[in-house]
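The chain below stands alone and is given in structure tokens; this is the form predicted alone.
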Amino acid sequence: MKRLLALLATCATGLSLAALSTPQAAAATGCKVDYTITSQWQGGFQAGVKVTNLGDSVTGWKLTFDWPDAGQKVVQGWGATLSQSGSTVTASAADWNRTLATGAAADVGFVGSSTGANPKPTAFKLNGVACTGSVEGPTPTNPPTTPPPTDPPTNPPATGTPVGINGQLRVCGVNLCNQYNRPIQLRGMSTHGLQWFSKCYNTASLDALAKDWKSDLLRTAMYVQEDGYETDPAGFTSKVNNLVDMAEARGMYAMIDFHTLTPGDPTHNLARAKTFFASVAARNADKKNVIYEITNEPNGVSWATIKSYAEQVIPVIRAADPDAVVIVGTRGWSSLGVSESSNESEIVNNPVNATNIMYAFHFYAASHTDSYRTVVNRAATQLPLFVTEFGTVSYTGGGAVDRASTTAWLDLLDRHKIGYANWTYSDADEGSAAFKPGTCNGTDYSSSSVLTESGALLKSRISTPDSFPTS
């Protein structure tokens, strides 16, 4: 989980009060906006704007709007570069969301200061065109006498548990798909190391995760070194299998994480990986809720080495469990190589020789910002990705929660239907933990009194409806 060397400098998505130099783009021909105040307090508020392009595709977009109250000011923003001149606010596309295709939407969030009641902004314009919810253009001289065909009504969202609705998963194209061959996104939490925080994973905590957090997924982080699996293979295998069963009983997917970090070369644990995965795959082959993550954060080695490791471990799993999804860690602490001066192209040009696989990406929101989001936004159109671990803080696991960067990340993952597991569902004494220290000595894993800032933020995101498609 913790990075062991300085990562590349990133470009922050933030607030610029200077003039912007975004290249000019063709005007949009129609748009609509949804404006929501998500929270407010004396002297300030947090809000979001979703702009949907109804016209032709635009690149290098700008959204402008006006404050009706002279006391309203943008203080911090995400999802775009924001500036304010007088009462007019301008939000300009970031590198990772520069293009808005027809029907596509961009989400911009910000924290503002105010002296009054925070009235809704007015005069929304996308590249100079008023966002009226319709498309600008000439009125046809001979309008059709019959209405155009409309899409058939969709079925209401299915009810039930994530596994009950989606069943056996598979990779289709760049997406994770359910039993109906429809793309889905799984959202959940990761354990901390089982050797340190096993008391956090019990009947009460998993009930809370499934019922109160409404999590789709439990990732089980089984460290190999650091007093982990290598010290007691049978004992740790049993712990993992028990958590798979507990997740299954609650209708959640279980991701089995072979948590390698130090040393960063996965081949150091190749024999252990083959033994472990042969055992858990044979034992859990008949279950529909198991996903295998075969190496956590490779680092200091080439992609070719990681690929070779994967092509030796995956057949071991497939021999017992031919249908399960397998996730392969990527270079540079599962950064698609970005943290070691590379990018996704090495994987695109030399993919793992196996089917039904995805590639892992990890981020820590305070350390990995726009330059990392740019790579993920691009890679998501070419590779099936799963964010098997991320934190709301710095890569050390500590420090303050970066709400702006975390929100920008989660909005990006939502747009691409990229699944994720947050680090960490534990009461570790660090900023990334979901619970305050001592929580795992009790039975409350949901109330505001036990949640950290990170835990409260993730619970609010994960517990929103999934709306899994079934047709």
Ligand code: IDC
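The numbering used is simple: start at 1 and walk along the sequence shown. Please read all numbers here as calculations on a predicted model, not as lab measurements.
This next part talks about the form predicted in complex with the named molecule, which is not shown.
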| field | in the predicted bound form, the one of 296, 175, 220, 369 near the named molecule [non-hydrogen atom within 4.5 angstroms] | value | 296
| note | With the partner omitted here, the residue among 187, 125, 259, 373 that in the predicted bound form has a heavy atom within 4.5 Å of the named molecule is 259
| field | Contact check for 201, 425 and 459 against the named molecule in the predicted bound form, heavy atom at 4.5 Å | value | no
| request: Evaluate residue 430 for contact with the named molecule in the predicted bound form, applying a 4.5 angstroms cut-off between non-hydrogen atoms, and reply yes or no. | output: yes
| query | Does residue 395 make contact with the named molecule in the predicted bound form, using a 4.5 Å heavy atom cut-off? | reply | yes
| said: Taking any heavy atom pair closer than or equal to 4.5 Å as contact, tell me whether residue 253 reaches the named molecule in the predicted bound form. | reply: no
| query | Within a 4.5 Å heavy atom cut-off, is residue 216 in contact with the named molecule in the predicted bound form? | reply | no
| request: Choose from 190-198, 335-343, 207-215, 231-239 the stretch whose residues reach within 4.5 Å of the named molecule in the predicted bound form, heavy atoms counted. | output: 190-198
| message | If you apply a 4.5 angstroms heavy atom cut-off, which residues in 347-365 are near the named molecule in the predicted bound form? | response | 364
